[in-house]
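In the block that follows, a single chain appears as structure tokens, in the form predicted alone.
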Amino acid sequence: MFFEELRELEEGKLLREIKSRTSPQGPKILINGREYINFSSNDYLGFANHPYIIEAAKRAMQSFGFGSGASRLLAGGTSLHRELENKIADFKGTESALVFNSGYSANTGIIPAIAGEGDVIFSDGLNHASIIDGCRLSRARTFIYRHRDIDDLKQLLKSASAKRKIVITDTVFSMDGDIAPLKDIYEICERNDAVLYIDDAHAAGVLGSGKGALKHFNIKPEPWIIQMGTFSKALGSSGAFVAGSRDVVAWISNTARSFIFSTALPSCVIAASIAALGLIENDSILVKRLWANRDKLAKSINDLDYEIMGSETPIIPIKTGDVENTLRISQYLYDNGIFAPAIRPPTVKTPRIRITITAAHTDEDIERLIELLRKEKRKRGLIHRNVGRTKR
């Protein structure tokens, strides 16, 4: 079964495989007993293996055990679940918040809860797959506007009539590393009486001193703005959340199928998220270090004349041409101790190496990547010996 389909993927060099590490997530990982510098993780602040977060999870297991038993509407949640939701509401400046099991389950549950037949959704052309699937499940008419194209969004909003209009966008786009023009989108929604739904997954802990995209753009969290975010990236934990007005969150908790019919996250995961929020709120040094590393790496890659495809964040895609060349460069990096898998269709239309830099990477880690990228270009005769080399 599926033999022919698998063979077609293999022939097109699109068949992917899962690698298993034997170490914690971090800037260095072990695969098959070998150490690699890890440039593939969304653990932007290095929290995934942070001792404070691990200790919080241990204490929660000792107090509450591990398994949750059932969904929260059926069996209730722990007091930690409510504590985390209160902290998220404070963190995001909203009246209320609700925890979901993952970013994917959040988008595929929340979007159908807030949009249905008779409503119209306006979705950015490069929104995450979970948003796309959420829009499909909603049964609302969905218009796709060109990526970050404000004029196209304006035109679509003007031409469509509906009971409710909802604009949906990622704030940081996960494969391109660029940022949605949120100030412009906010103003358009305000003028057109539209709901704004933002996926802040790659912005929480990264933009706005860690508070996310609204803070980054100095936008007040109005009642008609719904914020979704995750704990699994910069916060180093697992799960997701929605934050918004009390009425909106109450409606979602009663209608989002992925919340209603999912067993609650274990208390130790919730405790880890609470601890991570505390670290971000009490110490801005790691966020500053993340951006210092990002600026250093982006400049160094630009100096080598690689195209980083408009990246503005710690997600730095390197345009590599066709699939075959992308796989070759990724394998070259892997053979030399750098873990940075090739990103290919159908994930993206344009193949690339997606580099993610974190606060936990050292100067030596960055310099090693740059050295290998320089050698890779020189090997193909694309740069001369001294191009891109830092003067000392």
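Just so you know, these numbers come straight off a predicted model, no measurement behind them. Residue positions are given as counts along the sequence shown, with the first one as 1.
Keep in mind that the form predicted together with a small molecule is missing from the display, and what follows is about it.
Of the candidate stretches 207-215, 278-286, 150-158, 127-135, only 127-135 has residues whose heavy atoms lie within 4.5 Å of the small molecule in the predicted bound form. Within 4.5 Å of the small molecule in the predicted bound form, a heavy atom is found for every one of S102, D170 and S232. This chain is displayed alone, yet in the predicted bound form one of T142, S174, S258, N293 has a heavy atom within 4.5 Å of the small molecule; that residue is S174. Shown without its partner, this chain lists V269, I316, A201, A264 as candidates; in the predicted bound form, only A201 has a non-hydrogen atom within 4.5 angstroms of the small molecule. At the 4.5 Å threshold, heavy atoms of Q227 stay clear of the small molecule in the predicted bound form, well away from it. The small molecule is not shown here, and in the predicted bound form it never comes within 4.5 Å of any heavy atom of T108.
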